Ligand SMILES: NC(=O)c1ccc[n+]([C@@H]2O[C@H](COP(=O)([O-])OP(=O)(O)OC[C@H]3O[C@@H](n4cnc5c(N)ncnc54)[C@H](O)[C@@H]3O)[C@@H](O)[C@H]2O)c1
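Presented as structure tokens, the chain that follows is alone, the form predicted on its own.
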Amino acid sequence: MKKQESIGIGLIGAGERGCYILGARIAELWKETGMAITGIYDINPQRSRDAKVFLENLYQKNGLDLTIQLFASYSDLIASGSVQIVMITTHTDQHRIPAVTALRSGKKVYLDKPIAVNLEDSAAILACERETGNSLIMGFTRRYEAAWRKSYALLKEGAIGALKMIQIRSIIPYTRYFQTWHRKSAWSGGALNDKSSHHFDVFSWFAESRCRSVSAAGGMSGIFPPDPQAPLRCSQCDRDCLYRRRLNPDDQQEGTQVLGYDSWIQADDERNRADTCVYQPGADIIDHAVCNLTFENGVKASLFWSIFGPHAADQETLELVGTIGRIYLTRSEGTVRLIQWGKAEETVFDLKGPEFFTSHYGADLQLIRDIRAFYDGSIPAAGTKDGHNSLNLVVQTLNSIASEGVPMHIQSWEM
């Protein structure tokens, strides 16, 4: 077994995203990137221990003999000489303090999306970045996914002329948002924040303009009515249920393994459970919305979104309409179609390389490579301003929904 000096990554938040998705991808790419998880802190000590076992075993399988240190606090981890990159994958409401502390340390920082649950916290992170001159990289996965990058490249090449309209349709049955800590808006900002922070970021990325106004309609569909008699969690349930955790193909696509570890199996606290019954009372998140956005350069954008519906091949699509053509992306198929005026046949780009079948259609592997490039001095594909802007749109969308569709005019917008 090989021992090797690595660029040390300190993981703050050893949950599904941090350990079992990004942590696993880092282990798989350590020979290419030279990066390895060297330290872990989680507010739940057992979760840290579970993550240590999982990751050390994975590194051994990939040929690296690695001992991961467990830290008693996030500040101790950030200060450690074994950590050169700080990776923050805590619950969203816990982002602000470790992000600010890490930025002030001068070390490279990765912050998972969404940036925060409120604009006060995201503004504090943005202010700290400006104060310190130290920047961070954010994990908006569409920015690292081959099909979305190809669509953006075609747009920049002028393949469809001047962009006029953008549409994202996202009907992804992420009922797990009712089963995990995301079910409380105070912790996650709601499903619209956690899932559609990606979509709002895409709108700004492609439009390359300031958003002027947002109007939206949405709410709670009633598909998951609170049932005081419902079992607390899937592992205690013998009902015939469509939504049992891990039976959903969209759960399985992530490839996570958390339900096999003690800190998840034995978790009593609602924040820590991964299989709360979807009918358990207490969830306060909306599960569907239709949003319309207008940008200062005239681009119009719309989002048609829900976290329920059957699993399907076309459950997330992107359409760009320009003056001389259209681009149409089907995410789960890894295809981009280019339709142009004056050409009888459309051009189809198949972006399904071998890595497409890993988490987030290969985006997480590319993100790890981009983190290494960021460590070496490259400008990140997505940063703090992008996170703040995305959250601003989420907040204004929720305000419009609460006001029964009244348009919200964007007062503060960072580009």
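Start at 1 with the first residue shown and count on from there. On a predicted model such as this, the values are computed, not experimentally measured, just so you know.
Although it is not shown, the form predicted in complex with the named molecule is what the next lines describe.
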Quick one: 200, 332 and 352 and the named molecule in the model of the complex, is every residue within 4.5 Å by at least one heavy atom? no
Touches the named molecule in the model of the complex: residue 41 (any heavy atom, 4.5 Å): yes
So in the model of the complex, does residue 360 come within 4.5 Å of the named molecule, heavy atom to heavy atom? yes
Examine residue 112 and determine whether its closest non-hydrogen atom to the named molecule in the model of the complex is within 4.5 angstroms. yes
Taking heavy atoms only, is residue 23 within 4.5 angstroms of the named molecule in the model of the complex? no
Given that the named molecule is left out here, which of 122, 151, 179, 92 has a heavy atom within 4.5 Å of it in the model of the complex? 92
Single option in 280, 141, 294, 315 placed near the named molecule in the model of the complex, where near means a heavy atom within 4.5 Å: 141
Pick the stretch from 44 to 52, 61 to 69, 23 to 31, 375 to 383 whose residues have a heavy atom within 4.5 Å of the named molecule in the model of the complex. 44 to 52
